[in-house]
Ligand SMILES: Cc1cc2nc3c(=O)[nH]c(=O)nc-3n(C[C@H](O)[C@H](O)[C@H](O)COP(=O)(O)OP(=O)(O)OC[C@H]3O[C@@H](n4cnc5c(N)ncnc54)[C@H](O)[C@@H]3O)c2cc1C
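In structure tokens, one chain follows: the form predicted alone.
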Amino acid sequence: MKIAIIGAGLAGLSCALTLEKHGHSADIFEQRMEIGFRYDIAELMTPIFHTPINDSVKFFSETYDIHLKPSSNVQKIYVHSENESAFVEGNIGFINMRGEYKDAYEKQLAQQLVRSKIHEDNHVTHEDISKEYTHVVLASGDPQDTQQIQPFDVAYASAFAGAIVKGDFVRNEVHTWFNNHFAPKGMGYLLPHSTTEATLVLVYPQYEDEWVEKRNQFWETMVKQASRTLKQDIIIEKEFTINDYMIGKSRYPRIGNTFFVGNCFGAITPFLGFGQTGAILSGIYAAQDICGLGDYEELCKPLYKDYDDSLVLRRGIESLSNHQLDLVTKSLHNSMVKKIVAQPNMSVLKGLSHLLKPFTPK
């Protein structure tokens, strides 16, 4: 077999690592000058939308011999609405770096490769290489590449504003904001990298042109709100913006000997917009199929289910007014509600959906 992987992100590198563990190698084509996400940010890697995985780092290490070293674990997530604040506590997940950081997950995965070669600064298309290779894994991270081959069902496109910020942070505490005044149908979040540095992000769907036009205004309000919430001045170090970031899923996981993984598959969970666990799983599953150890379409069924459940939850959140968001946040003070949301070995999507049910339209 001659295997090509387009994209040296989490999904593509996880695919290559799994291939190597079963005696195969791949040519990995990366269009950027070096591997890694195009923005320097922190991300939350949480298994809460992938039941029954409780600890994703442990799971990938013990189940697939793929080893990740996060920046920190997350023990507490604060939820802030317009007039209420609450928190959920437990082993919620991990914070890790993306982009050019030396300990970015992509760089960690690349260091574990033995035989597969990464061709950096080498932009190829599926059409360019499909005749030369027996198997092609599309892992570019761009759903538009999927759309060149098959339908990609877009749930929504997002607008981002974000920055690396300086301040005084607790490393294992994450903050989220749900407020339609500056994050219409979206959210803001702060993920610490250390006790002095964090990623602050505002993200919301581009349902209204006006919302994109007001992004700078929303972002300024977000920064001020974060400063008030954390009772300190948040200092902006390095800003970034993203438009038209598509959240959706491919119609098919595989067509012929072409496998769609990561964002090209639909690994991002629509509710919070994080997709690292799903991306890595999709890369592993594609490699297992190529090695004759499973059927990719069957293996992906739980990922599609996670996506669909997460989208239902997102639609529920989008329907809430600020007053209703306050009521949901206030309900998190209830000990039974906290237990439902953070309990291990339980579908958190189901728990959150149950929590939102009284507040969403019939």
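Counting begins at 1, following the sequence as shown. Quick caveat: nothing in here was measured; it's all calculated off a predicted structure.
The same protein also has a form predicted in complex with the ligand, omitted here; what follows describes it.
Is Asn122 near the ligand? Define near as a heavy atom within 4.5 Å, in the predicted bound form. Looking in the predicted bound form, residue contacts with the ligand include Asn122, since a heavy atom lies within 4.5 Å.
Interface membership of Leu191, the ligand in the predicted bound form, 4.5 Å heavy atom rule: Yes, Leu191 lies within 4.5 Å of the ligand in the predicted bound form.
Might Tyr252 be said to contact the ligand in the predicted bound form, defining contact as any heavy atom within 4.5 Å? No, Tyr252 stays farther than 4.5 Å from the ligand in the predicted bound form.
Can you tell me whether Val212 touches the ligand? I mean in the predicted bound form, with a 4.5 angstroms heavy atom cut-off. No, no contact at 4.5 Å.
Exactly one of Ile41, Leu303, Leu332, Ile66 has a non-hydrogen atom within 4.5 Å of the ligand in the predicted bound form; which residue is it? None of the other options qualify; the answer is Ile41.
Taking 4.5 angstroms as the heavy atom distance cut-off, pick the stretch from 218-226, 71-79, 286-294, 266-274 that is near the ligand in the predicted bound form. So the stretch in question is 266-274.
Residues of 197-223 having any heavy atom within 4.5 Å of the ligand in the predicted bound form, listed in sequence order: The stretch does not touch the partner at all.
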